[in-house]
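Only one chain is given next, in structure tokens, and it is the form predicted on its own.
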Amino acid sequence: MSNDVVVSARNMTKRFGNTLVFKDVSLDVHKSEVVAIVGPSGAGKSTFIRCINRLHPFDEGTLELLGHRLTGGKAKVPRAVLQDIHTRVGMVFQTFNLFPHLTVIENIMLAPMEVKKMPRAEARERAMALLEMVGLPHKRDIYPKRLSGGEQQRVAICRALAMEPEIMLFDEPTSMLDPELVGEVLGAIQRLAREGMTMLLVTHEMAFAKEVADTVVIMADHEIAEMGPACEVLESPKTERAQQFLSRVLKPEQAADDFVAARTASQGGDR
């Protein structure tokens, strides 16, 4: 594996019982690369990135991740390896999963203090810097129920970043949001891309994928239908299956308008 490749999947296959989720998925992710995974529902996109973070085991193939080699099958992964993966790979889900009894800043400080034994003052300083990054320092002492969906998802991103991960995984982070709140979250992800964070992003926001991603992977029918540079794949797909999918979901002029509107909202939205 090349020195700058931090994720290398080879022929990964996953089933739930007799149900095939995805098969023979192979891809490399380089340091500071942004990979967007798109495709129809049921293609296995979300399960694939959960397998990368070892939230699900996979059945066949291999995965090299940050120096660890994981193999498919029933072999158990050592606890120390899992802990290292979960510390160095952050994940943001569709649902926000914030602790309702903790304030915003307490939600962000918890894992660094508990897992990394970070001193409280340092954890608080780190949390405030992250809240500044996403435009929410004034919400530090608020409880999650008093936040909008977009604000909760931005806090969830801060919570993942507080562990100082080397890779970030996003599982359709805007799918639970009202349209007017999408821009807030996309803006936060875009800032991470500019700063060089390595990211895998499952998304249905095609214009955003084109704008931010280096590489786009189209998954359909449980496998990779096409993969390559973002603009090339989204503007001139080569395979029939990729063309079919994009013809149904991507209307270039409307998608561009939607993204511009979302980005404008993220720059001038609630603070």
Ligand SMILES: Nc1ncnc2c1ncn2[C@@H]1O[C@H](COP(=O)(O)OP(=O)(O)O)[C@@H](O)[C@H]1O
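Predicted model only: the values in this text are computed from it and were never measured. The first residue of the shown sequence is 1; numbering continues from there.
Here the subject shifts to the form predicted in complex with this ligand, a form of this protein not shown in this document.
In terms of contact with this ligand in the predicted complex, the residue from Thr239, Ser32, Ser26, Thr47 that brings a heavy atom within 4.5 Å is Thr47. In the predicted complex, this ligand sits within 4.5 Å of a heavy atom belonging to Pro40. Interface membership of Ala9, defined by any non-hydrogen atom within 4.5 Å of this ligand in the predicted complex, is ruled out. Along 7 to 36, these residues reach a heavy atom to within 4.5 Å of this ligand in the predicted complex: Phe16, Val21.
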